[in-house]
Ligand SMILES: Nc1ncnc2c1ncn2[C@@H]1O[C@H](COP(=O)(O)OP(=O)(O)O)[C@@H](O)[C@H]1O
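This document starts with one chain, in the form predicted alone, laid out as structure tokens.
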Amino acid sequence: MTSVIVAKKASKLFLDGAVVAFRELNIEIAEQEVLCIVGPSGCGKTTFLRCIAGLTEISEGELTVHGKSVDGPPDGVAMVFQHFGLLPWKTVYENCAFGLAMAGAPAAKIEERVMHYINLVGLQGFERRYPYQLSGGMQQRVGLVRALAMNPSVLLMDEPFAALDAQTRETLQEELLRIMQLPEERKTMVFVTHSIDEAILLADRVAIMKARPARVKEMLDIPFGWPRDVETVRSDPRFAELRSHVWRQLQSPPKKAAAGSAL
């Protein structure tokens, strides 16, 4: 399969090398693959995502998206943030349409795409509401619609459900899984999470990261194919085995940390 995202000995350093986010990462992510990244806090997971999105540059090595070096926001890449990132003075519809409007899309196209995804995630009827009038789960749905409306080929997810209560989190996991399995919505996805269960449920592969400076400790293949049903996956004996394995890998005593850290 074609590799969409390729990192070769990619490193990100801050303060002239005093702070190391990640060092010599080697990762290849195939077209329409879902890669979940788990690892200790501060090991550079979010920084790696920001580098893919072109929001910050790597310091050493290579990082390409669709074969082109990342030196700014790449075409076809959208990111969903942990803390929603909604504009409080704009309505649900205006927030969802923001990216398309900034790209200069015609009003008719904006309405078509935004309303399609608003309906897809169950936000119909809330188009004229403001973020403060929504629950946390609904705000995150708005963030997801804003990204999906751009029709990205690559979707970056930075712990998008971490701030939600457990029930809402599971509901949105199921919603995302449902959307991912629609043939027209299947995308290359990089999903950062602290939840082992979430990673196993959503991923084709799970990258288990070492403590800072981050490197890939293990790349774990997930044996559940597509289409994927939440209850079927959770009740499979392999789910518990995988969860225990990832937990043990994350709990392995880390080497003495290098000076500096980064989120």
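It should be emphasised that the depicted structure is a prediction, and the values quoted were computed from it without experimental measurement. For every residue, the number given is its place in the sequence shown, counted from 1.
There is another form of this protein, the form predicted together with the named molecule, and it is not shown here; the text below is about that form.
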Considering the named molecule in the predicted complex, find the one stretch among 44 to 52, 223 to 231, 66 to 74, 27 to 35 with heavy atoms no farther than 4.5 Å from it. 44 to 52
Does any heavy atom of residue 247 come within 4.5 Å of a heavy atom of the named molecule in the predicted complex? no
Considering non-hydrogen atoms and a 4.5 Å limit, does the named molecule approach residue 40 in the predicted complex? yes
Go through 109 to 131 residue by residue and record those having a heavy atom within 4.5 Å of the named molecule in the predicted complex; state none if no residue qualifies. none
